[in-house]
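The data below hold one chain only, encoded as structure tokens and taken in the form predicted on its own.
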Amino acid sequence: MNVYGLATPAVLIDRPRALRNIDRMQAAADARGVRLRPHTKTHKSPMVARWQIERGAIGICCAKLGEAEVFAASGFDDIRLPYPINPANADRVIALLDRTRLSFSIDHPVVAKQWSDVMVRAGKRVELLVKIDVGFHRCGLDPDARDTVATIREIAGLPGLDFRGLLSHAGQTYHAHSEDELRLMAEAEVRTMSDLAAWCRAKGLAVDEISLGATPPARFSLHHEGFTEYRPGNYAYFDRTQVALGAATLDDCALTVLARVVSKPAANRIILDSGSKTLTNDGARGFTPAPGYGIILRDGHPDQTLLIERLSEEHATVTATTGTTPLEPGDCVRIIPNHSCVVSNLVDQAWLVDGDSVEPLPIAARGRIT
């Protein structure tokens, strides 16, 4: 099947690019002796996760229990959720413990006590890491608070819980305004986590794992010591935001959306069949302005004269900034989206593309939001 024979819109994954991205990140982690545990929320695909494991990843991360259940059913035996799971999900966690090695993060002593009670009643043990806020201010304990080490010790001492170490996510790196600011954020995360681990150890607490993870700072973080695990996700596909943050080039972007021109109301305006249900309404972040909802490629090259200025559910309104465009109804383009992770969650199936070869890629864990 030829790519341009696919029904549109279609999500395309360039297999050679994805494999190259996976190989490059694995090599960077291996060079530093850091264990790589990719986050699967970008691709939500057991097939892509197997590529990562085959190349040296020690396990995977999932965003939600529903995703973990899909990957456990596919045979993955080491799954981590860097996410605060509430004990309301106790039955699902206990069921997963019978199928896979499961660990998750926690950042509240009351919730930790509740999980301890659940595990004791079930006669089980579960591995956990304490989440630390390194500047994103979403989840995690404040590393500078006076009682943080005492709280970690309290959690680590609870029955039914196997304390493994500390975990962080430098989500603020997505909002860096320059290469230097991004580098400083990466360095600050490593320093914060290694210092906190040292304070814990000085109080007699074993900290076996220090887990960091995000794609934008990886190129800086992996040049430092002081942590044991790295959890990038977006690197498998990349997207326009990662290009704008200097983490990738356009040639690294493995996920594109194939879209067709369905209308041309004016010489300077075309309508594509890829709206917010395919491209998402996410804007791009980065060091320089990145207007619109993706980069349009024609013949494999970015067409800087075309701006995706507006999305409705099924349509993308594109303006030609030069005044005219030769594209006509029926023509196809490929789009690098602003955020590839969300695109994966919008379709049941993508298409693996390798030269002239096209084959379906089921996205088995899409929509698993609980």
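Owing to the predicted nature of the structure, the values given are computational and were not obtained by experimental measurement. Start at 1 with the first residue shown and count on from there.
The next section is about a form of this same protein that is not shown, the form predicted together with a further copy of the same chain.
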### Contact segment among 267 to 275, 70 to 78, 217 to 225, 188 to 196, judged by heavy atoms lying within 4.5 Å of a further copy of the same chain in the predicted bound form
267 to 275
#### Entry: Heavy atom within 4.5 Å of a further copy of the same chain in the predicted bound form - the one residue of Val262, Ala156, Leu250, Leu297 that qualifies
Val262
### Message
Taking a further copy of the same chain in the predicted bound form, would Pro9, Val111 and Leu346 all count as contacting it (heavy atom within 4.5 Å)?
### Response
yes
### Query
Taking 4.5 angstroms as the cut-off for heavy atoms, does Leu205 touch a further copy of the same chain in the predicted bound form?
no
### Message
Quick check on Lys41: any heavy atom within 4.5 Å of a further copy of the same chain in the predicted bound form?
### Response
yes
### Message
Please determine whether Arg92 contacts a further copy of the same chain in the predicted bound form, using a 4.5 Å cut-off between heavy atoms.
### Response
yes
### Task
Could you confirm whether Glu229 comes within 4.5 Å of a further copy of the same chain in the predicted bound form, counting heavy atoms only?
no
### Summary
Contacts from 74 to 99 to a further copy of the same chain in the predicted bound form (any heavy atom within 4.5 Å), listed N to C, are Tyr83, Pro84, Asn86, Ala88, Arg92
